[in-house]
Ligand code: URA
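Only one chain is shown below, in structure tokens, and it's the form predicted on its own.
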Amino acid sequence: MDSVTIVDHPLVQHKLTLLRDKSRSTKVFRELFSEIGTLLCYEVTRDLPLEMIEVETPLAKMKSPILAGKKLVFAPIVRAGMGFLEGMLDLVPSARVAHIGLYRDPRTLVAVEYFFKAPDDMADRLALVLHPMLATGNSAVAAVDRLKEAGAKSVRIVCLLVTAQAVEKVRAHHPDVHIWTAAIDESINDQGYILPGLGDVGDRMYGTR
């Protein structure tokens, strides 16, 4: 799929397999989720622009690369997206954070917004939507809609699992938005959960079921 990058790094694939295992404790699940978020962040930021600045080492002056322009905005979709946030902030501590509160209507599977807060300078920053389970695509489209309304001009989606159905949904509404994922799973069930998937991420992460 042209609009999808599958991150096939062995560490990402290994940790994904561990996350799929239903026997993982809440503690281990959270830790693995944060770790895989950091690894995905490396991949999605691989092409960030650099500029040269002069620095002085203990031995000499030199020109060295540094990130150009303003830094990133991490935009987790609450709750599951919060699992990626800590690991990504460890990697890019200067990033801003936008919070997108969405829940999926259990009958229609339509995304319903209940909270949104983003930095004022979205137009100057690359926004990464943190949405681990891209099942129907409804929440992802709603999140990108909201970020663009807030001024974002450059948006990417970082997820753990995605379905072909969700990719097509995002592509139809936002053809400029690229998706980074660890795997493309087969389908979704009647409740909108990815199959084979790894269950309800929020519940597994926070021990609510």
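As the structure is a computational prediction, the values presented were derived from the model and not from experiment. Numbering starts at 1 and follows the sequence shown.
There is also a form predicted together with the ligand; it is not shown, and the following applies to it.
S.K.: Using the partner position in the predicted bound form, report whether H99 sits within 4.5 Å of the ligand, counting heavy atoms only.
M.R.: Output for H99 is no: heavy atoms all beyond 4.5 Å of the ligand.
S.K.: So, L19 and the ligand: in the predicted bound form, are they within 4.5 Å at any heavy atom pair?
M.R.: No.
S.K.: Are any of the heavy atoms in M133 no more than 4.5 Å from a heavy atom of the ligand in the predicted bound form?
M.R.: Yes.
S.K.: Is R125 a contact residue for the ligand in the predicted bound form, using a 4.5 Å heavy atom cut-off?
M.R.: No, R125 stays farther than 4.5 Å from the ligand in the predicted bound form.
S.K.: Looking at 115 to 123, 69 to 77, 133 to 141, 88 to 96, which lies within 4.5 angstroms of the ligand in the predicted bound form, counting heavy atoms?
M.R.: Answer to the contact question: 133 to 141.
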